[in-house]
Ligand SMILES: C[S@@+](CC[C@H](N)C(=O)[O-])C[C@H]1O[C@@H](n2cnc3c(N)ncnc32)[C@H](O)[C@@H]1O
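Read the single chain below, which is given as structure tokens and is the form predicted on its own.
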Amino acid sequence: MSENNFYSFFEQISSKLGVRERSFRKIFNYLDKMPDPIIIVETGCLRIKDNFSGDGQSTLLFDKYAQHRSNGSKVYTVDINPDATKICEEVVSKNVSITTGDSVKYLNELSKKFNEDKIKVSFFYLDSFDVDWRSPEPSCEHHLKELTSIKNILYKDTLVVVDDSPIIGYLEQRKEGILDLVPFGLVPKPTISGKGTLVHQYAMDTGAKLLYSNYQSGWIGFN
């Protein structure tokens, strides 16, 4: 798939991506600047055909992008649900390695293999544990486990993105009905919420950089 064909495809479906459109565009723009081969590792695969607005169809997008980059570019994805991996196999090409299993165990094993084979991952997309917005802690903890599982194969320019991780802050309602941030000092500053809460805390404590935050958040500089 040529560059023009990939971005033609992306523009055709971008309006369907909803809150994820801007983030996916930033992901691909960032990967455009990275050398071949592009290696993408995803946790939580495509699970419903054509569900662009709900799940984003990330595995399909990554597959299309890897094909257009070619030169050994490849996608690896894992999901604990066999029904999801079965559907994913029906949608994406053979250039996607699909595994059914626990993502933390998978990432640990993949990290050892990639270290031995000297394979550099360009981009990790962590999205394996659905978030309950009323009680996000289990999902937050799981995604932090995923991050620590890949720590040894993160490079300074490796992009790590966590889905469902918008910025959260404390707001007040003005008389005219406009919402505004409560002044810092009285309350904590805005931070990352959802699945990426603990990943962001770890990133800030270890000197990584928040590259962007839309509905998804992305970091570089973990190592």
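Start at 1 and count along the sequence shown; that's the residue number. The structure displayed is predicted, hence computed values, not measured ones.
A second form of this protein, the form predicted in complex with this ligand, is not displayed here; the remarks below concern that form.
Looking at 40-48, 172-180, 152-160, 26-34, the stretch with residues near this ligand in the predicted bound form, meaning non-hydrogen atoms within 4.5 angstroms, turns out to be 40-48. For the chain shown alone, Ser103 is a contact residue for this ligand in the predicted bound form, at least one non-hydrogen atom being within 4.5 angstroms. Shown alone here, Gly56 lies within 4.5 Å of this ligand in the predicted bound form, counting heavy atoms only. Using a 4.5 angstroms limit between non-hydrogen atoms, Phe129 touches this ligand in the predicted bound form. Put simply, Ile80 is close to this ligand in the predicted bound form: some heavy atom of it is within 4.5 Å. Although the partner is absent from the chain shown here, Tyr125, His142 and Lys195 each have a heavy atom within 4.5 Å of this ligand in the predicted bound form.
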